[in-house]
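Form predicted alone, single chain, as structure tokens, below.
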């Protein structure tokens, strides 16, 4: 069954289709929620998953709205040597080759090829983050990445940190260097058939209720009461896997409110705004090799990278992050398309406008079910992830990429966090 058919079947189930009081309720059918529910199912604990969207996968989403599909959210199986999705894909017979280096790389400044001296300067500056993190002693005092690079001066420091806009999706002044230092690294695999499709397929066989946004969680009694527009369910325990952005926006009301320790941890975690803008391009390819990258770096604050015709598909996919991405997200798809087409026409030539088609713009920053791409610890709050993962009242767990420690910001980390919470719940007495 394809992910579309699976979603349609799940969406047709009313909230009361099965037992009114399961043992566990998982909120969110992204990587963390599905992983938690799979583990609880294996442990024999009756579990219902409530998902606000009309599909599975959360921020792991393979978008085919333009015809050619692309991963609008997570796309790499990072640190693949220990990432659970490597094994899951193998079990499901889904190929996951190494990341391809594509068809070349070109640097631009304001739509024009960057001069050689500027290219050399940028290459030297980009490596400064890793070099400094390898030697920085952050045990006594956490710093922002911007502070770590400040002695490079006003010209090179912004250049050195600008690459984080396309990896973390956030301004360097809002990124904890200590948290960034702990992130895992390793080989990157890709999922040609779609990472989002893989996650959705893994959810087959679970009791997942789509179109069920949770508005309130009451954990004051012996059982947890979870309220949606379709009614209220009660369970022995609840695992909440919604993004930090939703929790910070007050999308779910908790009674009693979350403990001060958990609230303080939430206050120490923000959401980045890594954003993709996919443009359908039909007909002419202007002699550009599939997989070529055009990198606009004229202004560090408005960095944007374009992957042209990836895997020989009729798409150009733009990547941006930080406040620039937030502004584009707020402006909306039409304005985002205009900016992208204008810039690509400057890079490729005016004839590009005739080939430019519709745009797909799943802007995570303005999405009410995410409010951002993935979590970022603010400077001075590198311990917030571990605190947020602590059980609450013996019946409530917050789990997801934000609580994944060194695996944060990835679908693999979300999966490990979901499994960890599920293992703790499985040990509870029924």
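Numbering follows the first chain given and starts at 1. Only a predicted model underlies this, so the values are computations on that prediction, with no experimental measurement involved.
One more form of this protein, predicted together with a small molecule, exists but is not displayed; see below.
- Proximity of residue 73 to the small molecule in the model of the complex falls within the 4.5 Å heavy atom cutoff.
- Within 4.5 Å of any heavy atom of the small molecule in the model of the complex lies no heavy atom of residue 36.
- Looking at residue 373, you'd find a heavy atom of it within 4.5 angstroms of the small molecule in the model of the complex.
- Within 4.5 Å of some heavy atom of the small molecule in the model of the complex lies at least one heavy atom of residue 243.
- This chain is displayed alone, yet in the model of the complex one of 152, 204, 252, 114 has a heavy atom within 4.5 Å of the small molecule; that residue is 252.
- 214 is the sole member of 214, 148, 235, 281 with a non-hydrogen atom within 4.5 Å of the small molecule in the model of the complex.
- In plain terms, the part of the chain that comes close to the small molecule in the model of the complex, with a heavy atom within 4.5 Å, is 361 to 369 out of 389 to 397, 376 to 384, 36 to 44, 361 to 369.
- Every residue in the set 27, 60 and 276 has a non-hydrogen atom no more than 4.5 Å from the small molecule in the model of the complex.
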